[in-house]
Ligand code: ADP
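The chain below stands alone, shown as structure tokens; this is the form predicted alone.
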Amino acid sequence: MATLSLQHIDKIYDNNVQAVFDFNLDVKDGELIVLVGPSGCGKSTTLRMVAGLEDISAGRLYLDGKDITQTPAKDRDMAMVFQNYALYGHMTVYENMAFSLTMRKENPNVIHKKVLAAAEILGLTNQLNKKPAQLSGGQRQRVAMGRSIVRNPKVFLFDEPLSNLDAKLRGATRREILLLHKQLQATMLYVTHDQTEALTLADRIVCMSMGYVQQVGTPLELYDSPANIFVAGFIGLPPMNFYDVTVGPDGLTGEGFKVTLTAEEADTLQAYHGKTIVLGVRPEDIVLGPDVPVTVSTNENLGMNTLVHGHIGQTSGARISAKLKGWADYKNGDTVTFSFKRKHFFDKETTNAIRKGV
């Protein structure tokens, strides 16, 4: 398909508000990149700059090594799938999917073959004569994807395509997009605020906040080795627990608890002895143990797992959420003690991860 390179991209609006700062990314041929972050972080603006729907204020954009920074959207050979489907209500599914090719005056026989092939991939063969109003939300989104497929673009762009669907349809359509990517081996940029979509779809994730790229890496890298507190708190569900702790010779001391360190962890924190750092612990890395006393506030049974929420020490202590294996039945006011199986450390001033040798 295509490679894509964004080099030092900025977006500054006419009112001098800057939405994107120094965005850098090299997308490999056939790679599925997911831009994830909270609303207003600049991810959709970045996608629109790639599509040519927003001007690039500074920096360069390359497609297959060719500078397309100033190239009009219609000449970029990219196809965009929008959140609201953008289908023509008076047209059939077939006509919607064929529309861009019809406007280009392609051979009707070629158009027919391309539409049927895309419909087969997306399971829409029996829906081609229907109008969008007769379809479910998931089917409409598949039509929007089909309209992009028939164009055979160099790059597919997805702007929060699943946000209008209910939870069950989101899961099903997400799997369809993943299958579509494997079938087409297409280069794709996908924007979402949903970290589940990011973790399940991406070859690599670009995590953004306030216009800045916070970390680029595989889903496992962002989950297992977050670059800073923002990424650690954004990736993972339920989110990571954070506590201010003091580094001592025999472990970490927080408000109402104390935990020991392994030899490797102590070595990592050698330069922080006597200082306050931020300890991060994922709920799934909390187990029953002797270290951290907790007063339970709520208990959520999820079948194979139980989410236990409470406060360290008494009800005035710091909040904690633990994801325990199996079915548990704690009540409000029950006391339980936990231990931390895996710990993440962050510099309190810079919020960056503390890693050995860094």
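Treat the numbers as computed from the prediction; the structure is a model and nothing was measured. Note that residue numbering follows the sequence shown and begins at 1.
Not on display, but discussed next: the form predicted together with the ligand.
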* **Close approach of residue 310 to the ligand in the predicted bound form, 4.5 Å, heavy atom** => no
* Would residue 38 sit within 4.5 Å of the ligand in the predicted bound form, counting heavy atoms only? -> yes
* Partner proximity in the predicted bound form: residue 44 to the ligand, non-hydrogen atom cutoff 4.5 Å -> yes
* Look up in the predicted bound form whether residue 25 has a non-hydrogen atom within 4.5 angstroms of the ligand, and give yes or no. => no
* Structure fact -> Restricting to 9-25, the residues within 4.5 Å of the ligand in the predicted bound form through any heavy atom are 13, 15, 17, 19
